[in-house]
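Only one chain comes next, encoded as structure tokens, the form predicted on its own.
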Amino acid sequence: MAVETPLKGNIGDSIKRKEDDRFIRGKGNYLDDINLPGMLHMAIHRSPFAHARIKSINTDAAQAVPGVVAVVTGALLAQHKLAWMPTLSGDTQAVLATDKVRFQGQEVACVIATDPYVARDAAALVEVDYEVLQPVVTPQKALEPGAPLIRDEKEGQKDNHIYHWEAGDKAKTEEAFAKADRVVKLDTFYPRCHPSPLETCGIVADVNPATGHATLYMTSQAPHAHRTLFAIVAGLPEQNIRIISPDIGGGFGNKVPIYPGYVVATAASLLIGKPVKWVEDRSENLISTGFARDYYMSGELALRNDGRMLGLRVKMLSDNGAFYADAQPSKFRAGLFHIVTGSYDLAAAHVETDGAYTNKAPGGVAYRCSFRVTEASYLIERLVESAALEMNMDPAEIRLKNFIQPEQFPYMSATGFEYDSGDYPRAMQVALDKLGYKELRKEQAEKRKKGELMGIGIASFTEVVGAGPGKHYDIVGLRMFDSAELRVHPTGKAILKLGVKSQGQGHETTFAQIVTEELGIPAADIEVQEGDTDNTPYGLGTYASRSTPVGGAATAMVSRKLRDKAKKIAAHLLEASEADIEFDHGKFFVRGSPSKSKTIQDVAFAAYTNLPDGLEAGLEGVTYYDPPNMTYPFGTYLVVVDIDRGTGQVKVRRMVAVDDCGVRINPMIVEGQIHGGLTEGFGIAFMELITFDEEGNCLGSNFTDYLLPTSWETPKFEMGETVTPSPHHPIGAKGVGESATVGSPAAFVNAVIDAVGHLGIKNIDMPVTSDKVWEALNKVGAAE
């Protein structure tokens, strides 16, 4: 008989992360730790120009370098029909450029060598004769009549326009604006930024020429989906492809797309018959892999004189770079921007968006955000702040006046999203009380009398995560469900296999806790496995904060499936009717006789040794969970800043974050997720910027030029919580991985505008650097 172990790690317990021990000891296994016998190395020759026609490529000098095995060009790939590949958005992208280059840093040729440094040196010797063309670096210029055509290889493509997409009711919105006492408008730009994971992207491709099996070790957030894409692109039988994602040092959306380096390394391994490793360096990661944001947004809010919001009108233009490669459901051309009505009871809204090609690297990754939710949240919260400023209302008051009320849930938004649950006034009140809002407003008034600049920023965000449902949401056509497979051994220990894939989120602990809650097996007795397509059920991966809403739900459901079977076995062991068996905290007992019980460990042992007649042996199962709706985490963030009139320097004095992500599985991990997201939001608001000069040169290709926050700059965060379970999720969890990055940039910027708004300054676009603030102050005669 199995030995009973004490229960630990139920939902709500802040147990330590199981995976941290190996990470802290340096025992993690990352992509660059993988070295195979006979392995070759790959380096990429990239374009120095943003827009240029390729007249010829000479690889003689590179091929002559001792140690070089092969030089791969687009022409060679074209012979194997691999020169172009599909993007996640259904566009096409050059694997290696054949006709012309379309952004600085685009992949032109690859060198395969016995040593990584030889490969890099030889890649620099590839000679390309370019005819430089006029680049286009903004979407506005790209859409001007007569602008240079970037995608001239696409049949029927006559200009640089990609898509037009609308949501909401235009006529109803126009009626709302016609009835308004006033209209508040804001034009703002959410700049291009980069996820910058600690570990860059890479692959070790090992195609066995004897068996035809391809084992691909990849930094992949979605290994199963990537396997299917590889099968489609490379023409390999899918059952012959195994993708293994080892430990991943951060993803943040950057490791969802398929990059050319993955494809070329696999093709090279297939053609040469040896394993090929490619690991990009930091500059390659910053220049050529998926960017985020880059949205120009114009919002108008229709209001009554008492501050009641009547309608919202939005126009938006996105810069998609040279290839439309956004990571998002293919049915939604602007992702989940529908959430732009935010936390407010808006009767009417209408959104129009357009996308354009430019001579920049393809962007559109969901950088710690669920497909354009960050941009939407930023716009509505900056717009509401503008309304408060223009109407001389308290920013908290105007929000409280317009919030969707708790009794209105489930709530259908004007853009067609059904919010699941929420209590926005309560979250805001918790935040206001924690900050001491009223006292700080008095302090601000006193400081203004002395000419000092102090601001209090507010952002009350609503996020949308957990894509599916599969009938509406997909990635490259694959329905967005997810999966969990649970196997309980005779000793009562278990293995949980998932279709999602951690990049540092703590899955090994969090998902074990769900099983603990549902079956009573201690979390320490549950091994969680992910990231191996041969040994885990098919899933769509981890991004858009969908692991807990979808993969977590699958885990709860498969646990319940096993619990139902375990109940039959317990009834057999207890010689009672199944209808009389109850379950509580890992024990099955006869109703009314709690002393007559069997533990889950007893039942697990019996599942292999002592079964009732007719019942199949074993205690294992698999569930594919297709969510009925997405989940809607929310919260209120408050920021206090002081601004120096002489330098424009913004000092964040306090930051209070109150999050509601439904049921918290492991509060300590949740707080860690929020802390990291707030740090990233702080960086986006004040520091991070990928920009380009008029020639399309990328400015910000290293961490000297692309500034990330360190512990030195990052303010201290004060956190609070409310808990509003999602009514349709099996355990009421909503997901939290992206909330802080979604909600915090607007709070930081609103604090700055709150400090200077009375001087006539209505907007400063991110990043809000000291020179921008000083220039704005100087323009209104307020700088020192």
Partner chain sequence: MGQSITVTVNGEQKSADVEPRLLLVHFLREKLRLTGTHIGCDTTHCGACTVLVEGVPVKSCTMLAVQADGQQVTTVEALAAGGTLHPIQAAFKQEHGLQCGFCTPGMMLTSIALLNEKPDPSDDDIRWALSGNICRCTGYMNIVKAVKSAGAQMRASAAVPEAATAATRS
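Small disclaimer: the values here were computed from a predicted structure and weren't measured. Numbering follows the first chain given and starts at 1.
What comes next is about the form predicted in complex with its partner chain, which is not displayed.
At the 4.5 Å threshold, heavy atoms of K501 stay clear of its partner chain in the predicted bound form, well away from it. Using a 4.5 Å cutoff between non-hydrogen atoms, K55 does not count as a contact of its partner chain in the predicted bound form. Although the partner is absent here, T714 lies within 4.5 Å of its partner chain in the predicted bound form, judged by heavy atoms.
At least one heavy atom of H675 is located within 4.5 Å of its partner chain in the predicted bound form.
Residues placing heavy atoms within 4.5 Å of its partner chain in the predicted bound form fall in a single listed stretch, namely 704 to 712, out of 535 to 543, 704 to 712, 391 to 399, 83 to 91. For the candidate spot formed by L198, F252 and T679, every residue has a non-hydrogen atom within 4.5 angstroms of its partner chain in the predicted bound form. This chain is displayed alone, yet in the predicted bound form one of E375, E517, E688, D420 has a heavy atom within 4.5 Å of its partner chain; that residue is E688.
Shown without its partner, this chain lists D159, D281, E527, D564 as candidates; in the predicted bound form, only D281 has a non-hydrogen atom within 4.5 angstroms of its partner chain. Shown here without its partner chain, the chain has K16, R17, D20, D21, F23, I24, R25, G26, K27, Y30, D32, D33, N35 in 13 to 49 lying with a heavy atom within 4.5 Å of that partner in the predicted bound form.
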